[in-house]
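Before any questions on how it binds or moves, here is one chain, the form predicted alone, in structure tokens.
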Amino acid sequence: MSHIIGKGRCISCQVRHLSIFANLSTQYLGELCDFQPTVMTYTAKEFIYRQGDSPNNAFTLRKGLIKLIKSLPDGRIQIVRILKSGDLFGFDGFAHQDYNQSAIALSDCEICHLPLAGLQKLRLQRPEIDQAMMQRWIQSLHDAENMMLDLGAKKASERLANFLVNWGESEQDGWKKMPLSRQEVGNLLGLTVETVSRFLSDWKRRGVIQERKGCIRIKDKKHLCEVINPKGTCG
């Protein structure tokens, strides 16, 4: 269950370099007395907010992973984005809109609640914050456009291979934490769970990847790159 762990202090925040406050001077951050965000923890599978809720806060993810999902009236869902440390989300209120997605913790998370009224005041006072938020909005649009391209133009194998290559950071032994289920990977990539399972099983059998509970390791990145791009190059 979620609970408050204290007031956020931007000047000492461990992810400030990733946040919209990264370019503010430490002197100015030390003077931020009126703007006091609240830091809360959430457990895996817990909702931070639900689609259609009225917004009071924007949020910065300090630790953990979050999925943003869109729900249809018939109960179907689509994962539209996976959030990582430093990501800003839930800023629909600046456009006088209700939250357009639901935000759900994929793992235990630590989140900074940014009151919209205070954040709006800071945007007017400090152009660095306004510019940083604009960059985040533009990046969100670019991510949405890239997702549309992937869903509309790329084959299932390309989408899944690209996801595996670009997902997260590897540990020293090469394993990547994978809190998404196969069903969730399918929701994110617009694939059925059967399609995801078929490709993963085939790549495991051929020694391209390894899986263990909650983790995945790429053994043959070249093969996945060739699936993404016949020239064998990828990010």
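In case it trips you up, residue 1 is the first one in the sequence shown, and so on. These numbers come from a predicted model, not from an experiment.
Quick note: we don't show the form predicted in complex with a further copy of the same chain, though the next part is all about it.
- Contact check for His113: every heavy atom lies farther than 4.5 Å from a further copy of the same chain in the predicted complex.
- Shown alone here, Lys154 lies within 4.5 Å of a further copy of the same chain in the predicted complex, counting heavy atoms only.
- Mapping the unseen interface onto this chain, Asn229 counts among the residues with a heavy atom inside 4.5 Å of a further copy of the same chain in the predicted complex.
- At the 4.5 Å threshold, heavy atoms of Gly168 stay clear of a further copy of the same chain in the predicted complex, well away from it.
- Proximity to a further copy of the same chain in the predicted complex, taken as a non-hydrogen atom within 4.5 angstroms, holds for one residue of Ser140, Ser107, Ser85, Gln125, which is Ser140.
- In short, of 66 to 74, 177 to 185, 35 to 43, 202 to 210 it is 66 to 74 that has heavy atoms within 4.5 Å of a further copy of the same chain in the predicted complex.
- Shown here without a further copy of the same chain, the chain has Gln120, Arg123, Leu124, Asp130, Gln131, Met134, Gln135, Trp137, Ile138, Gln139, Ser140, Leu141, His142, Ala144, Glu145, Asn146, Met147, Met148, Leu149 in 118 to 150 lying with a heavy atom within 4.5 Å of that partner in the predicted complex.
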